[in-house]
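First structure 1, then structure 2: two forms of the same chain, each alone, as structure tokens.
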Structure 1
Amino acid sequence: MRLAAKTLLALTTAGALAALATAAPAQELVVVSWGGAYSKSQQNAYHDPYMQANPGVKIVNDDSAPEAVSKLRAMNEVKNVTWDLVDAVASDAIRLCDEGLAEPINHDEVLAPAPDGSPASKDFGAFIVSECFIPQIVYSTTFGYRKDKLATAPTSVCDVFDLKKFPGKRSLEKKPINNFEWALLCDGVAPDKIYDVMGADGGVDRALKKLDTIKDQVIWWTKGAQTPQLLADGEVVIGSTYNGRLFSVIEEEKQPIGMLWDWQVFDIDGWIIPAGTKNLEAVKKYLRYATDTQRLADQAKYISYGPTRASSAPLVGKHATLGIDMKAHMPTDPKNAKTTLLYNYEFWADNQDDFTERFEAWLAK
């Protein structure tokens, strides 16, 4: 009995000591991102090299980005913010910043300058859409089509609306965003007038009328993985989704699918620091590293999204496992980016709720 007690005591002491020894230096940073291939690309390009260089820091992944806005709001209401860095699309970042849920930063102070010495704000340029937003990658929503099921390859986004020449089902996102832009564009609106027309009286009706022409041939998607699957199954002949998803279904899964880059809609994804984080300084230090020119270029080795720094573009190399040159797969590559749209964030912040209601009512008709 006494022997057992002694052994137990010795064991617990040893255990406690061991725990102390290993736990002492670790500072944990909770980084919230999208999970899957995207988080993996961040792990490879940023997290792993940073943890190697700074053994005292441990980066913990949390895949809650799809619910980040509502969760951050909830955390803020109970004043217990447990996240240190959150990956968010630009429109959400603007909203979080507006609501005071994200930390505003001085980009030139926090972020590293370009290798040629020009300040970060110049290197990122127009991609800094909010004082809280640290841009990371550019992605686009664009179309993929079945090469074997269409007689001729579509060359224009308006081919999506042409049921005679390109018969078959299409998949579009179940949201007014992007679809309204494309519908108006193909209804003859000049690209630089799209938002003027959409915001004016009758603009939404005009977009919906154009969408009416293909409505009964559309399968509406809500998750990014749906279009690649629908294309692979032959359920649709053409469909919109994120360019990275199309890259992986074409290059990694070798499906007979082609890319249609015409009038791809650019969107930006990046970081925000949640207001109230307990590790502000450590996060800033990490950010300086993770968003420098080389790191952003490195990420493109693992996923086909373009770096937001101008100085990163020439450094984009080959895919880490497939060995193909990634430059040609970047949405920002000059050959792919002949015709592009960039979201009008302010316009959608105003009109999203209203237009979504109109869109949903139209869908239900």
Structure 2
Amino acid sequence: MRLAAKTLLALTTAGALAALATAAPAQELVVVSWGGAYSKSQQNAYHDPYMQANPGVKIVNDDSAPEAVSKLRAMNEVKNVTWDLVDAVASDAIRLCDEGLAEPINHDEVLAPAPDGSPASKDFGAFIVSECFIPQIVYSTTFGYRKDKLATAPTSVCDVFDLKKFPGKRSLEKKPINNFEWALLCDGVAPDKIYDVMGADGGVDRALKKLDTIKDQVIWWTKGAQTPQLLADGEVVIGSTYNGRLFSVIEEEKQPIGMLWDWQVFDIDGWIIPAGTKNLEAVKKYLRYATDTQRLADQAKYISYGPTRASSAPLVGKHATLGIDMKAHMPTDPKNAKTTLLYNYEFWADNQDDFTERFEAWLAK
């Protein structure tokens, strides 16, 4: 009996050890995004549900999206790509694809069809601006302002350049994109001529000259969460950021901040798969889930960005915890979109490196 018990114990222990030895560790997928309220919306809408349905997968968040282009270039130089999926704006996706740093995909093969059977390419439509780009959301870059620190509420984007009527610090993104558009618009350029003027001789100088008028009152930001915090802390009276970040600080945090929708700049954001990822098939499987009709509609429960799938739009409803109608907080809502600029993806894909160099030289003066 004693021998039999010992034998049984030995067999049981050996079996347990063998099981532990053969159990596969969770597969980690490093997903690069923008942090803050946006990454939180992704976590709620599809990261957590996917990991729950696929316990063998662990999604690791990295908030390096603002530096994604330079970092992917560096990774490829040393042939050590450590990212699996990167959230990128459309112009960056085009650049990365053109440079061979992003994987081309067959959208209809990799992504789920719409509920009515329409292929993904039809459901996403014109938002597929590159063979490497998987669209997610329509968003805008616009301005928030402190309602309690300005005697008069700003009504025009050009009020940002009026230090006399609207005194106080501003926050602007530390890049030429959007700032050049607003500077030229407020220097008298017709909205439909902005990119013609910017691309012509003297266009960039004209934009920088306009920005010179407020330069000493600007705090420059590099991450979308910074302006909401600067506004909440009272360090700036008006600042640019993504409309979803402002929604969060206004509606969820109840800060005394107003939205200025005038000449918001529409853009699209989505995924690219870095060329050289070691987990290509696992990433494709995840993408099929995270970009399906329901998941993109679910994201709008947590942040005020419009889904890029046509089939997702009718499913947008109320905020998951606040219970407010999210349609009215979308940048595309008619009352918010009276004056808008459409970001020119191809123009910036062609000119961003040169214009950034000139912008940074101006900053250093």
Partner chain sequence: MTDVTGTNGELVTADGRPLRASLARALRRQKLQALLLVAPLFLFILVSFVLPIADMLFRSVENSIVAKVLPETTTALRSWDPQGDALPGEEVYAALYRDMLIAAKNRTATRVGQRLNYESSGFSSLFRSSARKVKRIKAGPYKPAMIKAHKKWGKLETWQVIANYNARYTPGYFYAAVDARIDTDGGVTMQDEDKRIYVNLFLRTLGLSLTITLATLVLGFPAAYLLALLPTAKSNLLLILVLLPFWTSLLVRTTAWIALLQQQGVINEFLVFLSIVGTDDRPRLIHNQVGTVIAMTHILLPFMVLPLYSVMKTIPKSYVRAAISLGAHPWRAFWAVYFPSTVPGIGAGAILVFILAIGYYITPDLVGGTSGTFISNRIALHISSSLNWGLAAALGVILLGIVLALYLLYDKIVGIDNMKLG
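Structure 1 provides the reference sequence; residues are numbered from 1 along it. Fair warning: this is a prediction, and the values are worked out from it, not measured in the lab.
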Index of the chain form predicted alone, chosen from the pair: 2
Of S33, D84, A207, V138, the position at the hinge that separates the two rigid parts moving between structures 1 and 2: V138
Rotation (degrees) of the smaller of two rigid parts between structures 1 and 2, from C-alpha fits: 22
